[in-house]
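The form predicted on its own is given below as one chain in structure tokens.
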Amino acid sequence: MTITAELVFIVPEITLLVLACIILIADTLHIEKHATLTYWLAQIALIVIIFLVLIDFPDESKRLFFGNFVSDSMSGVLKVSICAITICVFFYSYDYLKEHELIKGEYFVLGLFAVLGMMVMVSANSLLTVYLGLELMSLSLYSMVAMHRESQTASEAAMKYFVLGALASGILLYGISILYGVSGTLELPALSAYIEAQSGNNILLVFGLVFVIVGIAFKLGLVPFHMWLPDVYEGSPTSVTLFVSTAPKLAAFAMAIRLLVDGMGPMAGDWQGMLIILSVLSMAAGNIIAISQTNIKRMLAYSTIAHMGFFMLGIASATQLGYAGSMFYVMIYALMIMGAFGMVILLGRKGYEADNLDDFKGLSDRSPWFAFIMLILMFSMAGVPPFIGFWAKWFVLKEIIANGYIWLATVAVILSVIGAYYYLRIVKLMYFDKPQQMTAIKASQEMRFILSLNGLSLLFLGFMPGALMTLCIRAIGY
């Protein structure tokens, strides 16, 4: 296949790059207080990308551009999911940024460039492409965290994120350089073939693997590489926290699959044990530390750490169904955390962030409907049936048990029960405590509709999880 013919398979990426540049220029020339034009152009761009991916959805795996890029079902599903989630995130963010007088067109432009980086990561088929996509996404996120320059906490969060992110990127690049030096190839399938051909355990390959896992663990926020996550979640404007906590997790899942499974699958015996340790530490630390938090953004940060530990169990199973389970989990997690931060945005107002647990006291008196939406979100995150969060945990646990890790499944269930406490505490505050204030909730009809749809989808998917599970299984190629 010629290079020109191969360009057809990256039309979504090329289109997004061109549209993001056009929107950047339009935003620069069109000076407007509320950046309405930039916002709507960004939303239209994402809808166009979804359309382009769907009309030429990959039904078989194709390696392109000298093996640096792959087009397969997993990449197609994740690209559509990333764009759809980003559309909802922009809906939530626009209300927040306008209300708090923080709105800048750069937020949406940087969001588009971050999405482009995620799409490159999702389709990466070489060590170099993974790194390029990761850096494009990360640099955009660093800038977004630092956008609120008048806020000392936001500036501090951006510095921590940038310094630790640069350190993690350097560690990952060092691991990649070791793998390249040993195998002589950057292509992931060729690296896998080289590893499989090795008769004994190559200490340099294991050494490179360790550095790669450290890089992945940082991007997912796994213990002990989680130091940045609570501070960034708390210090950033809620709209930025919302973006950082959702779509990039899907890209990080793709990075883990591409590097560990496609590139170092024959070394599963080595990385399984590492992932299990990281998973248990993350579930334990995340769930236990979250109990003591009074700031809901920090609580959700530690909740994220615990969820990422649980999600890693599917990859640690080293089976196709386990990978599908992890994909299912991370997609559902993105929906749940998006709704949770959407509720924080909903309850806030100009000059006031509703980021303390006490702000949820008596919400059932102020707004019975949104108290119900928050109840769905919390029950789903806790893994209470019949909400979809229960099925996400069940899918992963089923594969862990099928592979003989009964003790690991038992530990995961116990830690999930411990973690249910801080989710149920919010439900208790909403329904059994008196409100501290009866201020009317101020939000646009569009945001109310999207947030309601976000919450109800977790309930409806809980009654019909089979379709999404089947989609994930087919995407992985089982």
Partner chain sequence: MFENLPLLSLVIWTPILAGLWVLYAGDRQEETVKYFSLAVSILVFVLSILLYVRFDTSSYKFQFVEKALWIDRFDIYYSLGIDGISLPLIMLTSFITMLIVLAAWEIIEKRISQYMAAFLILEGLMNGVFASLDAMLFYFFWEAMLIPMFLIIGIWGGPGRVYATIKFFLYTFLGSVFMLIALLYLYSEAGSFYIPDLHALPLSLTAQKYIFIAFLLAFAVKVPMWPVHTWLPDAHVEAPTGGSVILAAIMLKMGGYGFLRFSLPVVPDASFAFDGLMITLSLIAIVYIGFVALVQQDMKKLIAYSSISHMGFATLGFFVAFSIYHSGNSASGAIMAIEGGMMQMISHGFISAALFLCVGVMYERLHSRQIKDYGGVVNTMPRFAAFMMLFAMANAGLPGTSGFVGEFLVIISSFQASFLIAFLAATILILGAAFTLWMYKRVIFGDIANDKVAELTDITPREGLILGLLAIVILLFGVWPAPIFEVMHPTIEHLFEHMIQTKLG
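Keep in mind the model is a prediction, meaning the values are calculated, not measured. Positions refer to the first chain, counted from 1.
Just so you know, the form predicted together with the partner chain exists too; it's not on screen, but the next bit is about it.
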- Are all three residues F9, G76 and V80 in contact with the partner chain in the model of the complex, where contact means a non-hydrogen atom within 4.5 Å? no
- Task: Just give me the single entry in F57, F51, Y421, W40 that has a non-hydrogen atom within 4.5 angstroms of the partner chain in the model of the complex.
- Result: Y421
- State the residue from Y333, F370, Y323, F395 whose non-hydrogen atoms include one within 4.5 Å of the partner chain in the model of the complex. F395
- Task: Pick the stretch from 409 to 417, 42 to 50, 63 to 71, 22 to 30 whose residues have a heavy atom within 4.5 Å of the partner chain in the model of the complex.
- Result: 409 to 417
- Message: F225 versus the partner chain, in the model of the complex: is there a non-hydrogen atom within 4.5 Å?
- Response: no
- Query: Quick one: does S364 come within 4.5 Å of the partner chain in the model of the complex, counting heavy atoms only?
  - Reply: yes
- Would A382 show up as a contact with the partner chain in the model of the complex if we use heavy atoms at 4.5 Å? yes
- Message: My question is simply whether I276 lines the interface with the partner chain in the model of the complex - judged by any non-hydrogen atom within 4.5 Å.
- Response: no
- Item | Heavy atom contacts to the partner chain in the model of the complex at 4.5 Å, residues of 47 to 68 in sequence order | none
